[in-house]
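Listed next as structure tokens is one chain, alone, in the form predicted alone.
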Amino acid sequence: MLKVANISFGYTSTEVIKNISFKANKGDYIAIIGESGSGKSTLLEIIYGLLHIEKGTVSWNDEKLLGPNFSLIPGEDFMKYLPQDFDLMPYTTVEENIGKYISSQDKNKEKRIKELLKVVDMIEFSQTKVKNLSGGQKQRVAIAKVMAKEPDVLLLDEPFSHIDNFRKNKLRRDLFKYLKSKNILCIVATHDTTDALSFADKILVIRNGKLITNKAPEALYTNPKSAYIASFFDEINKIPLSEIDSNDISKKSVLWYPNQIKLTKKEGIKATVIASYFKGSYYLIEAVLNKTILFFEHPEKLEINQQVFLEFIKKATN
């Protein structure tokens, strides 16, 4: 088990990580999400042992990890960390980059290289020199490289940022299935919440260096405690209750995702259409409700300035 207990850290006197705690087991996939500058990458570097902390502890199987001040070479042997720069050997082949991290004494070395190439969909480029690859291809090689030693813990920082959308979905499925099959704990810092919602066991949401929630994806999506959390998963409507109920004099607001607001033919809450955005299987409709802009989903395009009546399916008070 990985245990992060009450850690705080600052590059200067100002702390960028503030009293963060969580636990994770082998085979788990933990996603860390938060706006840019919230501390996601810093947290990964602390866990791996690149940054020294004075407050709090990081431990593995009840053994405290001492960090860079006590290690000749920073980083833990049982972990692998893939930062946003890939650290590949440009003048050697894809196969050689991956094979470097598998012992020559391993009788299954060639089989393992091919297995990893298949996971990242790079078999046809096995003999290509890295310098001749695209950014997305290099990122896939880097992912295979850090998996080559089959670490107990794998830390990934924005692992799919350079990869085309059409390839990204398959890569995510193959990668996370592989990690589960090998019982590897994977912690991913990401802006792409598809990584988190579809595959993570737990999602950690960080804001201004603080861990504000740590829950399963379904629980976090269906019951977000703030517009900040909900905004990572979809457009979010934060609507004052007084806009919906003229008798309400409170200052409370409600949160709705666009798929929780429906057009109704009955008399209801009246809004005016501003724009329609084609999303493939539906249109995202932008409308104004009194003084509040909101978004809802509809199967057809609506005309600008069209008056519509809305039904609010589900809500969470904020």
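Counting begins at 1, following the sequence as shown. All values derive from a computational prediction rather than experimental measurement.
Keep in mind the form predicted in complex with a small molecule is missing from the figure; the text below concerns it.
So in the model of the complex, is the small molecule close enough to A24 to count as touching (4.5 Å, heavy atoms)?
The answer is no: A24 has no heavy atom within 4.5 Å of the small molecule.
Using the partner position in the model of the complex, report whether G268 sits within 4.5 Å of the small molecule, counting heavy atoms only.
No, G268 sits far enough from the small molecule in the model of the complex that none of its heavy atoms falls within 4.5 Å.
Can you tell me if S36 lies within 4.5 angstroms of the small molecule in the model of the complex, counting non-hydrogen atoms only?
Yes.
Does the 4.5 Å heavy atom contact test between S276 and the small molecule in the model of the complex come out positive?
No, no contact at 4.5 Å.
With the small molecule left out of view, which of S253, Q260, T42, T292 would have a heavy atom within 4.5 Å of it in the model of the complex?
It is T42 that has a heavy atom within 4.5 Å of the partner.
Out of the stretches listed (268 to 276, 65 to 73, 281 to 289, 28 to 36), which one is close to the small molecule in the model of the complex, meaning heavy atoms within 4.5 Å?
Heavy-atom contact with the partner occurs in 28 to 36.
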